[in-house]
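Just the one chain here, the form predicted on its own, laid out as structure tokens.
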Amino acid sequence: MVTLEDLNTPIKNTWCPGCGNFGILTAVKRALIRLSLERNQVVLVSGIGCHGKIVNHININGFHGIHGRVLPLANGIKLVNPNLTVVGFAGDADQYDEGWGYFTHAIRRNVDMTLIVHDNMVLGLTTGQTTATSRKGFKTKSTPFGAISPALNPVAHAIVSNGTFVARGYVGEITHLTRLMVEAIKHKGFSFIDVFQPCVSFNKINTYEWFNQRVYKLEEEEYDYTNRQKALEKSMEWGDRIPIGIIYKEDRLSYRDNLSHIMDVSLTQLPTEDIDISSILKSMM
């Protein structure tokens, strides 16, 4: 069984001291250990941004892609080899700006993978500009007079896009976040966790203290995460109280389970020796 020592790497970590990415890194490692997953069973995919370095710090199969392309890469890996556990990591700008077009379609198709978004509501790697989740009025290098547009609500979008596992976590609650990741990875279908991950260098508003005063755990209240309408209402909560936990969950066939001709076969195992595509190529000339 894989251990924490097995998952460590010798690569020097250059995240800022106190960065919320450390919390996500810790929770992911703990989740993989708790699930008893071996390293050859898992592929991690990351994009561009501070979060992208996470694949350097987990000794497991990893693919560091380009801006906004975490989901196409992760979807392709999972569809070709369904025996792999695929976990994608993206930043808020990476996924909700450049990668937004892929987000809603991956969710509605219900590809069997997990997406974890490091949501710090600011562009950290490029030293402080707004992202799609920056709150209206947020002052940055790119918006010195305050952001004009209202913030995007990815959790609400995931629910109305027919997501089958929609959750929100917070790095200030590591044990809770680890449990969320375990449940997300176990889920048969597309699982999505938006994780509040404070940027200590460039976001002086949405800090640890700010979140600590506001977040509350849904499982500690009488809440039914199978009710889509109630889930949508919860996704809209913001201000003095912000919910974390599983917001919506349902069982539905995954994308690959609907492909009857390949649902029981890994594409990596299909024979290719006697396939002749010359007639197809000729038809395209």
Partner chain sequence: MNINKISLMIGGEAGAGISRSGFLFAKACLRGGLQVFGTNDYQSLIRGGHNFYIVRVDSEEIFSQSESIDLLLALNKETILIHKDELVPKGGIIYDGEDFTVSDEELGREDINLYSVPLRQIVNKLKDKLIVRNTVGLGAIMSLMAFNLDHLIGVIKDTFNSKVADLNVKALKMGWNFAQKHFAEDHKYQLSEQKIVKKHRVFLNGNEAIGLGALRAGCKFYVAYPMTPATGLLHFMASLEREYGMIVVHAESEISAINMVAGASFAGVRAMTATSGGGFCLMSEGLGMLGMTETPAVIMLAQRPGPSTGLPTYSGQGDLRFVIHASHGEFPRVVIAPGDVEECFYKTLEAFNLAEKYQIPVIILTDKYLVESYEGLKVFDVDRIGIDRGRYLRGKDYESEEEYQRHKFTRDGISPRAIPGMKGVIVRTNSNEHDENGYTTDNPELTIKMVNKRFRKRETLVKDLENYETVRLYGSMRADITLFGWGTTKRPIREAMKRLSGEDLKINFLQIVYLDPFPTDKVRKMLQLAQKSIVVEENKTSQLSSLIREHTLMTIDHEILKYNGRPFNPLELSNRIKEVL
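As the structure is a prediction and not an experimental result, all values here were calculated from the model. Positions refer to the first chain, counted from 1.
Separately, the form predicted in complex with the partner chain exists; it is not shown, and the next lines address it.
Since only the chain is shown here, I'm wondering whether residue 253 would be in contact with the partner chain in the model of the complex (any heavy atom pair within 4.5 Å). The answer is no: residue 253 has no heavy atom within 4.5 Å of the partner chain.
Since only the chain is shown here, I'm wondering whether residue 267 would be in contact with the partner chain in the model of the complex (any heavy atom pair within 4.5 Å). Although the partner chain is absent here, residue 267 would touch it in the model of the complex, with heavy atoms inside 4.5 Å.
Contact with the partner chain in the model of the complex for residue 9, defined as at least one heavy atom pair within 4.5 Å: yes or no? Contact check for residue 9: yes, within 4.5 Å of the partner chain in the model of the complex.
Heavy atom of residue 281 within 4.5 Å of the partner chain in the model of the complex: Flag for residue 281 set to yes.
Ok, 84, 151, 215, 182: which has a heavy atom sitting within 4.5 Å of the partner chain in the model of the complex? Partner contact (heavy atom, 4.5 Å) among the options: 84.
Quick one: of 147, 79, 132, 156, which gets a non-hydrogen atom within 4.5 angstroms of the partner chain in the model of the complex? After the contact test, the surviving option is 79.
Go through 43-51, 220-228, 26-34, 234-242 and give me the stretch that gets within 4.5 Å of the partner chain in the model of the complex, heavy atoms only. In short, 43-51.
Taking the partner chain in the model of the complex, which residues of 34-68 have any heavy atom within 4.5 Å of it? Read in sequence order, the residues that approach the partner chain (within 4.5 Å, in the model of the complex) are 39, 40, 43, 48, 55, 56, 58, 59, 60, 61, 62, 63, 64, 65, 66, 67.
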